[in-house]
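Presented below, as structure tokens, is a lone chain in the form predicted alone.
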Amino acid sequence: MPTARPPVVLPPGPRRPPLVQGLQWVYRPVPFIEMCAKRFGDWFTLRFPRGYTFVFTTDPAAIKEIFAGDPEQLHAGKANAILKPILGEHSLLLLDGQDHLRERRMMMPPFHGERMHTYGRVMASIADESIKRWPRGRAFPVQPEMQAITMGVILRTVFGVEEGATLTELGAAINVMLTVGTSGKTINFVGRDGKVPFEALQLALGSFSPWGRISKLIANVDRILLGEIAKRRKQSPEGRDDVLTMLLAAKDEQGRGLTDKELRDEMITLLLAGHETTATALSWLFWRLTKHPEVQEKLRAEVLGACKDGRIEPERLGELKYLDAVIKETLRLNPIIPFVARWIMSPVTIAGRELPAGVLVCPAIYLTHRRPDLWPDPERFDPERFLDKRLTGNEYFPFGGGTRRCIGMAFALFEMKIIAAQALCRLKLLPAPGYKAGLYHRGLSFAPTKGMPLVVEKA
């Protein structure tokens, strides 16, 4: 008679109740995971309410196996299901298997690196108009300014909305939705059916319930998006080069296009994830430059060589190697999301460690980027380390990895370079007196507290 297999032993982790661990994650996420890494090492387990178990790892060998793993066994879409009520079931972030492959293939062409120059001048123009209005010589929060710039870029280049009532209405609706959705510190754990499990959040009691208000905001955004999609289906694509135009024309291997619902879910994913995360990354970048004036001066000297009449020339961005290094070092120390996750569908062995079905295995971006064996003196801000470094996806992965790496990575990096260079063409960045940077959860990202105040002066 065969003997029963012993139960799988998960990596060690905090012994506090799941609710306490959840509160620590919400209120003190970075100190919490840093404490866990210091105490438990390369692997540790966190347990949250409703039986959800997260196994974190910073082991490069394990991360490599996770990113190269069988997508039928390791589901990234299921791991992101908490976002379903906002992004929709057809969002690329929530799809797995063949559905994910189909939509990813259809969405790839608009984000090919060679297309970035098409969008570059629009990005530079939007950034320049905003930067001209920034107050000189007094502290102001730069995060909202970055959000306005990146929202304008997304609406113009991705959705193809020009200046006018639709652009203003859509931008305002999305900003309100983000603000309401992140104004409180509520723990939201996904249910196993992919829905938010806290029934109280989903009671449609109008403005008197959190979820009722958010649902109304989502419905308003949907009204604008679906209205624009319907209008664009009737228009000729001639002369248009935005992402939506390309997606309206995209076909899969069976000749099928994207439905209105699929387009809605993918566009809101790009609008929410694309503008919010880039704005946050730029805010951290500017803060780093205020803390390291020697880096800022070296970077400005490089950037000025690619500026003409006070505006960056997008075609010359490829020459700016130091700018590329500064951005990469910022994303190493301030990754916008702290980890990525895969839902284990069936028992799996990763780097010699058995893990059961039903838990999430999580390559820890923030912690891996600070491993001293991979990054000597890891807390030091040193862009020089990226000038000659050959990167691997298991030691540096701010955009995730494998087949689930962010589809908009090239777009986001290009946009960051344009906006940062445009600012440095005109301005010197100075720290706001007395400001100490902290972070909090906003949307999909870890945003800086108080809107990241800083001071700018004419260069």
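Since this is a predicted model, take the numbers as computed values, not measurements. In case it trips you up, residue 1 is the first one in the sequence shown, and so on.
We do not show the form predicted in complex with ligand HEM, though everything after this point is about it.
Looking at 424-432, 27-35, 52-60, 402-410, the stretch with residues near ligand HEM in the predicted complex, meaning non-hydrogen atoms within 4.5 angstroms, turns out to be 402-410. Within 4.5 Å of any heavy atom of ligand HEM in the predicted complex lies no heavy atom of Tyr119.
Not displayed here, ligand HEM is approached by Phe67 to within 4.5 Å at the level of heavy atoms in the predicted complex. Contact between Arg332 and ligand HEM in the predicted complex is not found at the 4.5 Å heavy atom cutoff. Contact annotation for Thr277: at least one heavy atom lies within 4.5 Å of ligand HEM in the predicted complex.
Of the residues Ile174, Leu360, Leu92, Leu258, just one reaches ligand HEM in the predicted complex with a heavy atom at 4.5 Å or closer; this is Leu92. Phe111 is the sole member of Trp343, Trp375, Phe111, Tyr366 with a non-hydrogen atom within 4.5 Å of ligand HEM in the predicted complex. In the predicted complex, Thr269, Leu270, Ala273, Gly274, Thr277, Thr278, Ala281 are the residues of 261-282 with at least one heavy atom within 4.5 Å of ligand HEM, listed from first to last.
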